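Here we start with a single chain on its own, the form predicted alone, put down as structure tokens.
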Amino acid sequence: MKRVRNYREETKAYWAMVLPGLLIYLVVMAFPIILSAVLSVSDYSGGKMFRGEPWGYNGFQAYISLFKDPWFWNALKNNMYIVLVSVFGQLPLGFIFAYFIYAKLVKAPNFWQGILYVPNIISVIVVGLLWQTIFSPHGPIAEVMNTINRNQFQSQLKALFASSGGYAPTKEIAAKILQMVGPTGEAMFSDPVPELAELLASYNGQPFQAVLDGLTNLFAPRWTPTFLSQNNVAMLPILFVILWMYTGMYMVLFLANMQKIDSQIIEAARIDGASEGQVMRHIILPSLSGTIVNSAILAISGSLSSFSLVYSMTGGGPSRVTEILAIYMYNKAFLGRPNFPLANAISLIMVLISFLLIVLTKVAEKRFGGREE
């Protein structure tokens, strides 16, 4: 009787501890996923979900129209780029930085640890707006490129005037300048050569630098980030910012777990003649296999929900070239005429992709990973 009573008490204690967490999981995670799956095959069009306008089953029309939409595949492709950069960029770099700091292969390791982790303590929206400004036509990159273009153009003008025996507002000089700047310069005038010669003559009596500045402001090429709207390069700035921002987080995770490894094992391996690469491969990596898998799961889940950063950098992606699944779902659910079944279908696909990638990660760990001490 005493053993039965103890078993009942243990069961009650077990459920008393598990039940609150289980209820929270069902309400916060399981119920929304199930409801999203139901709505994705419904004809729900908004309003009160219960006791409102009746809605019913609509089959898989949302999924069919989704798979026919080329913008869905574009958003999925962009998300896969983010997953690849996160798993094969952030994790390896975070591990390498952590090992350099752990093994004290760099000077001032605490300084580098702080510098690499700083992006994680800044608001995602602030980071997105900051880098949007950096890549904008009026940002620091544009200023540097325009300064380079300006100096190069002035050097070409000086060489042109020097080869012509000095500054002279002639039609020959005007023709050479137009030839140097190309069709862009000719498009500024209705009759290019005479009008430019007349403009050059207006500088008579002014300092030579004023001539150079005036012609530079008129003709020097200006840098513009319009190339970033092209399909093949539009995601590169976003991928760079994601790599820059989150690598420090994984560095801290790896570093914290490296510090749990018995230092005597590593010292013994080095005494036996093991190189840094052998220590990393045969001691550090097997000891961190569980941490690597958990970090990969974090990277995958974060990659599929990286809404704030991409939205703040692109302003919602008006060109849609940099659209990801989260923004695609947001646009379908809240902009224009909402399509709730389609938006829920997108969210369910995101969950399934995340689950599939996590399963593949666990399979890879069992196949290639070591055992964490």
Partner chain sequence: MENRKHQASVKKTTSFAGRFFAYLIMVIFAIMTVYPIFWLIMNSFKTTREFQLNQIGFPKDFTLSNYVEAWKMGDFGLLFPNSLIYTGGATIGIIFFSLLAGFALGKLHSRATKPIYGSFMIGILLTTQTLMIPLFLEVNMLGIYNTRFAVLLVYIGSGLPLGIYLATEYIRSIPTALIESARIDGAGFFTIFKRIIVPMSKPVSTTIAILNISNIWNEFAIINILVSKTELKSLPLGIYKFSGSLSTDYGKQFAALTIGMVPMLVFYIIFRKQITKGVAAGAIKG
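The shown structure was predicted, so the numbers you read here are calculated from the model rather than taken from an experiment. Numbering follows the first chain given and starts at 1. Note that the rigid core is defined as the largest set of C-alphas that superpose within 1.5 Å between two forms.
This protein has a second form, the form predicted in complex with its partner chain, left out of what is shown; the following refers to that one.
K.L.:
Which residue, 84, 148, 162, 122, is the contact with its partner chain in the predicted complex, using a 4.5 Å heavy atom cutoff?
P.N.:
In short, 122.
K.L.:
Within 4.5 Å of its partner chain in the predicted complex, counting heavy atoms only, one of 68 to 76, 148 to 156, 127 to 135, 203 to 211 shows up; tell me which.
P.N.:
Among the listed stretches, the partner-contacting one is 127 to 135.
K.L.:
Thinking of 15, 39 and 252 as the candidate spot, does its partner chain come within 4.5 Å of a heavy atom on all of them in the predicted complex?
P.N.:
Checking in the predicted complex: 15, 39 and 252 are all within 4.5 Å of its partner chain.
K.L.:
Taking its partner chain as it sits in the predicted complex, is residue 63 near enough to touch it, meaning that at least one heavy atom pair lies within 4.5 angstroms?
P.N.:
Residue-level check for residue 63: no, no contact with its partner chain.
K.L.:
Does any part of residue 168 reach within 4.5 Å of its partner chain in the predicted complex? Heavy atoms only, please.
P.N.:
Residue 168: no, not in contact with its partner chain in the predicted complex.
K.L.:
Is the gap between residue 237 and its partner chain in the predicted complex 4.5 Å or less for some heavy atom pair?
P.N.:
No, residue 237 stays farther than 4.5 Å from its partner chain in the predicted complex.
K.L.:
For residue 321, is any heavy atom within 4.5 Å of its partner chain in the predicted complex, or not?
P.N.:
Heavy-atom contact with its partner chain at 4.5 Å: absent for residue 321.
K.L.:
At 4.5 Å, heavy atom to heavy atom, what parts of 6 to 31 sit next to its partner chain in the predicted complex? List them in sequence order, or say none.
P.N.:
Heavy-atom contacts to its partner chain in the predicted complex: 6, 9, 10, 13, 14, 15, 16, 17, 18, 20, 21, 22, 24, 25, 27, 28, 29, 31.
K.L.:
Rigid core superposed, CA of residue 100 - does it shift 2 Å or more between this form and the one not shown?
P.N.:
Where the cores coincide, residue 100 still shows a C-alpha shift between this form and the one not shown that is 2 Å or more.
K.L.:
Can we say the CA of residue 89 moves by at least 2 Å between this form and the one not shown when the core is superposed?
P.N.:
Passes the 2 Å threshold, so yes.
K.L.:
Once you line up the core, how about residue 195: does its CA shift reach 2 Å between this form and the one not shown?
P.N.:
Comparing forms between this form and the one not shown, the residue 195 CA shifts below 2 Å.
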